[in-house]
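Before any questions on how it binds or moves, here is one chain, the form predicted alone, in structure tokens.
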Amino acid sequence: MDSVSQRPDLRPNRVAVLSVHTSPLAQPGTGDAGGMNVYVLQTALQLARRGTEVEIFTRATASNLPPVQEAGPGVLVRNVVAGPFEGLDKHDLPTQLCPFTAEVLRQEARHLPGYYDLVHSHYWLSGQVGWLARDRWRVPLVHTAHTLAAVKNAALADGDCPEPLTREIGEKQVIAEADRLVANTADEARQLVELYGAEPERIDVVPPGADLTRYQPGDKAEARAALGLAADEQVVAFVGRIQPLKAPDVLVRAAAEVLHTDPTHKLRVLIVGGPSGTGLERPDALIELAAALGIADRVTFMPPQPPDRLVLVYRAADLVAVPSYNESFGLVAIEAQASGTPVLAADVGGLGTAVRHGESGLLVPGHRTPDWAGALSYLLDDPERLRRMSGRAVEHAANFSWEHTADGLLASYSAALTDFRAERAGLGAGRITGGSNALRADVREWVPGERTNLEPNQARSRALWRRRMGARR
């Protein structure tokens, strides 16, 4: 097969995808598994259908996992042994990046040079591995952050632990080194520029999607019967990891206020997920909160559900709540709307894109209990409003599919490969003999409405130097 540099469309034949801290085959809703797992798997499947093979490298978390699993036609998941199988969360994983990276490099070394055309890393831990693989294999690196430490730390829930400085430093390094950055929304792209000094021209905004063939409207009564929920209650569902960042307590407190105001209200709160992150420190905290507020009999807990059951949760609910303190996008919001259920969400991060305020749901500024209780009552007390929103929710969600996401990723890959080929062809010795001044001519700091030549930041200079020296070797 021709090398990618000789193909006019510059589409990669094979991509190495790095997802160090969580496997795309893991069940979302517990541990560190969440929307990123869904994103990595679904985009890989779509890329493979377009002729780009994908190999996903992730850390093995069980001794009985095979070295390689086929996730679908053209998609392999490689379970890399790096550290103990259990007992590590993502905050412990920087200590295991060396063995993980070594195995990734060994896997490529078993093939002829040029086996992978491009590296796509997800989350900063993977980016640290990705930039070394990029340098070794002489291929471009595309990076998706999914969440950013500086953004999370600026909007912490009460009592939650801030992200460590080591993560923020690591993110800055990866953002400087990556050939292209994929942001979920324009808001995230702005954060990459303003908080991390990313170059705007190297950022591609590619919204995530949902499996629109699975998440579709269906019979509410059948869904409730399948889940054991009463037909005559108003159900508000929360789907996700139970931790302070996702803020399920905001929903429980708001529901308690609604029920205290009107004890006859047939309100049922459905919590679907498992403890994760700092939520593991007090795994029963939400159960205890519901009891303390006197609504334990109105709150139902369910474990994380596979997709064929999760769609029943969305269909059974009158409303899905996404009260997170930060979301880079919010896949649950799109999946719920695609299933015909309006969404009540916090007006943070990508949720402003995922939910069309006043049409497919409501966005609540902040996390004050009275505001959320008022929004719940506003929607639940007007069934006709909910019915109208249900139809508009489906229409809005139709704009977000994994097919669209894959198209956007391929465009980003093409840009990365084009720029990489140009650098290899045109940035040889003649361009680099000018030393540091030659580098400064290409390094610019962006401010809104203005482009000026300024001193380069150290990390970006190093990234440019690495790429150019790679072209000379």
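Start at 1 and count along the sequence shown; that's the residue number. It should be emphasised that the depicted structure is a prediction, and the values quoted were computed from it without experimental measurement.
The same protein has a further form, the form predicted together with a small molecule, not shown here; the description that follows concerns it.
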Query raised in the report: Tell me, which of Gln216, Ser377, Asn153, Gln305 has a heavy atom within 4.5 angstroms of the small molecule in the predicted bound form?
Result: Gln305
Report task. Counting non-hydrogen atoms within 4.5 angstroms of the small molecule in the predicted bound form, say which of Arg268, Arg241, Arg167, Arg253 makes the cut. Result -> Arg241
Query raised in the report: Can you say which of 233-241, 173-181, 157-165, 119-127 gets within 4.5 Å of the small molecule in the predicted bound form, counting heavy atoms only?
Result: 233-241
Query - Residue contact check: Val332 to the small molecule in the predicted bound form, 4.5 Å heavy atom - result: yes
Query raised in the report: Quick one: does Lys246 come within 4.5 Å of the small molecule in the predicted bound form, counting heavy atoms only?
Result: yes
Query raised in the report: Just to confirm, Val38 within 4.5 Å of the small molecule in the predicted bound form by heavy atoms?
Result: yes
Query raised in the report: Should Phe100 be counted as a contact of the small molecule in the predicted bound form, where contact means heavy atoms within 4.5 Å?
Result: no
